[in-house]
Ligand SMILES: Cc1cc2nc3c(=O)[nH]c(=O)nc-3n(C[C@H](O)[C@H](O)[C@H](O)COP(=O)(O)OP(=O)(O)OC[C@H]3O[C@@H](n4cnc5c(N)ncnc54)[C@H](O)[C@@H]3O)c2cc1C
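For reference, the chain that follows is the form predicted alone, supplied as structure tokens.
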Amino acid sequence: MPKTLNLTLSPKQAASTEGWLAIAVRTLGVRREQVALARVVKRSVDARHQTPKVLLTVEIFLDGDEKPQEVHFDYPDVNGKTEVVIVGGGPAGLFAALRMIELGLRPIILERGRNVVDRRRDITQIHRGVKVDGESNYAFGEGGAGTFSDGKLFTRSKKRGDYNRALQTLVFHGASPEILYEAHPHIGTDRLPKIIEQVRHTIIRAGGQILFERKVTDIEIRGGKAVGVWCGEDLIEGAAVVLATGHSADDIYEMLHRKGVLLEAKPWAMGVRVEHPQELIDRIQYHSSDMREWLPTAAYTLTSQVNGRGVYSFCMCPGGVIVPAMTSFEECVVNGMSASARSSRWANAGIVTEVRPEDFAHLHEEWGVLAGLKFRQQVERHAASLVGGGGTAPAQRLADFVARRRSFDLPRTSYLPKAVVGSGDEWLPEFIAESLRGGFKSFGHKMKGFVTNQAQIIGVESRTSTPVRIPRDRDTLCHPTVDNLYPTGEGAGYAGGIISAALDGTRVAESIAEKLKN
């Protein structure tokens, strides 16, 4: 049996295998040559005290110990097997497809956007302020919104599925094994597209199908059952239909609503991106700028309550950049991402607050269950109209926003196409601006130096999740009024990131296989 050790080390000791292994060997009282295998199974940084520490959990296998078995993936040939239609090629749809193949089903993925190579070209056009392709952008395309948005893999929903197996699946397709033991695993937007390509190759080699630029325009329901979907004039049928459309597929919600398919309104969150110099965040978190030689780029997680409303950081991107995540130049939407090295001079995070049904009650009579969706659209379009659209985003120095002062200029920013001086009180609804202001004050007490005019807010961070949920049965995961329709992932309201969406897609695949077997 291997020996498991929990080590508390200096950053320098933990930085190399030989460094921590020497300490592990001394702790166990064995000789170095007796060690057949040593591996890290968990790594995190404890920066709560003046001198940060690295917490390592390691396994030491000595001569004679049975070595750990590698995780095995078997994707059999599913040509000619029962077909299932999957709408959306993001993590929920891709992981649903992989699991279906393992279970002997043939997935057909319909992705409205383009493959990752062509999608990258479309995103370049957004950065240049040239155009937004409504079907191929940061939200839509192969791999979903996460492909060009950082690749963070942390999730709190580990009870929903096999979290480690999901990570192993990504490693199998090219991700670094480090994601298996980091407390907050991260792939990086520079590496994730290649991994997504490998997933695509696995699906196709096994006999599955992925069709790009196939926008679903309708769903075919016969006798209360979903039997397929329409892409314009083409009907694609299957034994079940999986909706894995992502959080920005407004047209899908509107189509379902027109057809009388049951939907539910749900709360979500909106706010801004806040951007600091990364060196400042390093200094605040590590109490020194000298630790960066041995420690990862510093991150933070912040929460607060302001007048009974939650305010919190979302999708924090150390060493990252802010990106234009709109699906039209008539909208202003921002998000954040980091490359694998996290080497940008900036740090950014979404700072958002709860949005509740009472906040848009004036829209309920006209829009019903879609009122939240329409409210979000109005905020995004209002912000864009203030700065002329074209991907330009409004921004304000952070301390000025908190103090209700006008900003006359802005610090340098990572955001492209460009940011222009504005006032958060003009582009944000009053309840959001006031909640954020209170949240920033609280965060400034927790992280001394956080509220500074070296930082700026950039709007609008509005796609944290969807304002609409597509309901499903708790046990079968099937829609309660349309049989054979399986909502999944962020767009259906059941996930909040790459891994939680992947786990949810996997569960839906297993539920479909179980039903078809019976």
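All values reported here derive from a predicted model rather than from experimental measurement. Residue positions are given as counts along the sequence shown, with the first one as 1.
Form predicted in complex with the ligand: not shown, discussed below.
J.: Contact check in the predicted bound form: Lys374, Ile458 and Val468 versus the ligand, with a cutoff of 4.5 Å between any heavy atoms. Do all three pass?
T.: No, the candidate spot makes no contact with the ligand.
J.: Which one of these stretches, 169 to 177, 278 to 286, 394 to 402, 332 to 340, sits within 4.5 Å of the ligand in the predicted bound form when only heavy atoms are counted?
T.: Heavy atoms within 4.5 Å of the ligand in the predicted bound form occur in 332 to 340.
J.: Looking at Lys215, Lys81, Arg309, His257, which is the one with a non-hydrogen atom within 4.5 Å of the ligand in the predicted bound form?
T.: Looking at the other structure, the residue within range turns out to be Lys215.
J.: Please identify the residue among Val199, Val274, Ala139, Ala299 with any heavy atom within 4.5 Å of the ligand in the predicted bound form.
T.: Exactly one listed residue reaches within 4.5 Å, namely Ala139.
J.: How about Ser149 - does it come within 4.5 Å of the ligand in the predicted bound form, if we only consider non-hydrogen atoms?
T.: Yes, contact at 4.5 Å.
J.: Could you confirm whether His247 comes within 4.5 Å of the ligand in the predicted bound form, counting heavy atoms only?
T.: Result yes; His247 sits at the interface with the ligand in the predicted bound form.
J.: Mark Ile498 yes when one of its heavy atoms lies within 4.5 Å of a heavy atom of the ligand in the predicted bound form, and no otherwise.
T.: Because a heavy atom of Ile498 falls inside 4.5 Å of the ligand in the predicted bound form, the answer is yes.
J.: Does Leu110 reach the ligand in the predicted bound form if we count a contact as any heavy atom within 4.5 Å?
T.: Residue-level check for Leu110: yes, a contact with the ligand.
J.: If we check the ligand in the predicted bound form, which of the residues in 305 to 319 reach within 4.5 angstroms of it by a non-hydrogen atom?
T.: Going through 305 to 319 in order - heavy atoms within 4.5 Å of the ligand in the predicted bound form - there is one hit, Cys315.
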